[in-house]
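Next comes just one chain, in structure tokens: the form predicted alone.
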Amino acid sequence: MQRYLLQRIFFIVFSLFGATLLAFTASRLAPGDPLRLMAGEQNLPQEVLDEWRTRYGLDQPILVQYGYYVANALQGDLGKSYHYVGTDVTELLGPAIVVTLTWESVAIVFAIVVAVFLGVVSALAYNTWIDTSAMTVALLGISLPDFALATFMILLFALKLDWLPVAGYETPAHFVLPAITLATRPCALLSRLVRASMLEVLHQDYMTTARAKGLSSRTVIIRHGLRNALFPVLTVIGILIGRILSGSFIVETIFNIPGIGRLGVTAVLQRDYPVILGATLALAVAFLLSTFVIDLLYGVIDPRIRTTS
């Protein structure tokens, strides 16, 4: 187990270096001058801009700049924002991460619970109108892009029916529309996978044996069926959690949620390099940790899996 953990930690560190290097290089090679954006409408002389360029290290080669960034990041210093002059990136990321994790946790739980329920019900009611209806809804959910679904729900539930607020982050009611928007596609895809896996499990010999022992249908389905059916779905759950985390950029912008997604979009428009890299690093860490936890759950669900030397 120690060797496995070390391998996973090495993989996480290597992936973080790769993600930040790509983001760092892309931001530096993008057209435009962030210092001009910092200056705004001020017509600053070139000497002042050159001084700023030296202060922020933008006159150094890209690899040298990246080396300084990594060295500072390892000490907890992600730099200062170019747009919010003098503000540490960590001060901007901290509150934004809390906001994103708060409402996205609702989306993740909603997606997994509803998907497992629909998948199991569809498998048990195979080839009936229940199965057909559930899978039709799932197919529709996969087909709808986030921005289209968000627009439809805002028009219906917020403007037409006036059940929920349009945008913002003031009350728990503000979580409902963005959470459903973000969770719909992963939930639809996952429900179809759960259904397929459950259908395969239901015809296994150990399920017949469990029924022959006189166990209740609920025990057979949950303890023997669902537990084995979820095993091949775990990897997809890890990927979908990463998809939900990355989907916050669009959804938070639409619903005006002050999370890391909207902060990242704003930073891209403002060419705020340190904030872009900070948001990239935070999302990469969240995705890698979620996949790491999923890998550990394999051994919990199936005790036969053990890491050996």
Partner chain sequence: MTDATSSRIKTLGSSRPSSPWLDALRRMGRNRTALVSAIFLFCLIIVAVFAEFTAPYDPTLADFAAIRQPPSLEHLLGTDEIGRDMLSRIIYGARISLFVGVFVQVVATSFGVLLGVVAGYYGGIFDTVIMRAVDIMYALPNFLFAVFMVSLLKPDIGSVLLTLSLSTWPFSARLMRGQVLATKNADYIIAAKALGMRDGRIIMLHVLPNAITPIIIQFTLGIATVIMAEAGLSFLGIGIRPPNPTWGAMINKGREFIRTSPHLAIYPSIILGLTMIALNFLGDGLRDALDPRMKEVG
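Numbering follows the first chain given and starts at 1. Given the structure is predicted, the values throughout are model-derived calculations rather than measurements.
There is another form of this protein, the form predicted together with its partner chain, and it is not shown here; the text below is about that form.
Stretch 197 to 205 is the contacting one of 230 to 238, 80 to 88, 117 to 125, 197 to 205, since its residues have non-hydrogen atoms within 4.5 Å of its partner chain in the model of the complex.
Remark: residue 145 counts among the residues lining its partner chain in the model of the complex, judged by a heavy atom distance of 4.5 Å or less. Using a 4.5 angstroms limit between non-hydrogen atoms, residue 290 is distant from its partner chain in the model of the complex. The closest heavy atom approach of residue 22 to its partner chain in the model of the complex falls within 4.5 Å. Contact check for residue 53: no non-hydrogen atom falls within 4.5 Å of its partner chain in the model of the complex. Taking 215, 222, 166, 173 one by one, only a single residue has any non-hydrogen atom within 4.5 Å of its partner chain in the model of the complex, and it is 166. Contacts between 52 to 66 and its partner chain, taken as any heavy atom within 4.5 Å in the model of the complex, involve no residue at all.
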